[in-house]
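There is one chain below, alone, in structure tokens, taken in the form predicted alone.
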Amino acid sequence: MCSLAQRHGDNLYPVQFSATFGDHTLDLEVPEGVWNPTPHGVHLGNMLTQLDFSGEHVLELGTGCGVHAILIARAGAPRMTVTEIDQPILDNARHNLEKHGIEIPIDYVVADWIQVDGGPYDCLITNPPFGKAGKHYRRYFIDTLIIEAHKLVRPGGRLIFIHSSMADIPRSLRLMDECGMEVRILGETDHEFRNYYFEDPQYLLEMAKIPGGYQVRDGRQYERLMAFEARLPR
């Protein structure tokens, strides 16, 4: 259950984010300039509550306000490394984790996507940008995540991420197969288009070219959100 309202704009406005994930009710401060949790992130959070991270050093790329990091810690992770592109975003995530009583060792690292030192990690978790990727090639973050996962995750470790049908799920499944990964679907759901999708005509034109990218029901467009767990080859 999530109380975050949809609004117009770039999704960087200040909010008080309140949501329940399984047995966990979270109230997080999301100041202006920090990406607001989205339906993608909420669905991924729901899937994380069903997993066990005991004994794993977990890397989260793009922690945002820290919602997933809190759930990962509560699911047994003894250690985490979380990244963001700017220090103030990391500072806010640290504040939210401390507010929710997370006391495990956490490394807060300023990093640009997969450019992370350290590791190899046991598990990598992320919500890769797509609709607001800021790249002409919108799949940049998805493709680099899959192709370069072996540089960050140990052999036999796992990659967990959320994926929209509008980002071409079959294409990603083929790429993971080509990289020797064993893939399972953690869970999937439908969600109505967010308001800001309609503010980018080029985005809508690109999405219309993706086979099965979205469905229209009762005059409303819905994307399919799918959470993956990909096990790297040993």
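Please read all numbers here as calculations on a predicted model, not as lab measurements. Sequential numbering from 1, following the sequence displayed.
Only in words, not in the display: the form predicted together with a small molecule, which the text now covers.
Hey, in the predicted bound form, does I70 get a heavy atom within 4.5 angstroms of the small molecule?
Although the small molecule is absent here, I70 would stay clear of it in the predicted bound form, with no heavy atoms inside 4.5 Å.
May I ask you to check whether F141 falls inside a 4.5 Å heavy atom distance of the small molecule in the predicted bound form?
The answer is yes: F141 has a heavy atom within 4.5 Å of the small molecule.
Answer for W35 alone: is it within 4.5 Å of the small molecule in the predicted bound form, judged on heavy atom distances?
Answer yes; at least one heavy atom of W35 falls within 4.5 Å of the small molecule in the predicted bound form.
Answer with yes or no whether G157 is in contact with the small molecule in the predicted bound form, where contact means some heavy atom within 4.5 Å.
Residue-level check for G157: no, no contact with the small molecule.
Want to guess which of 60 to 68, 185 to 193, 200 to 208, 47 to 55 is within 4.5 Å of the small molecule in the predicted bound form, heavy atoms only?
Flagged stretch: 60 to 68.
Which one, C123, A75, A111, I146, lies within 4.5 Å of the small molecule in the predicted bound form by heavy atoms?
Contact with the small molecule in the predicted bound form is made by A111 alone.
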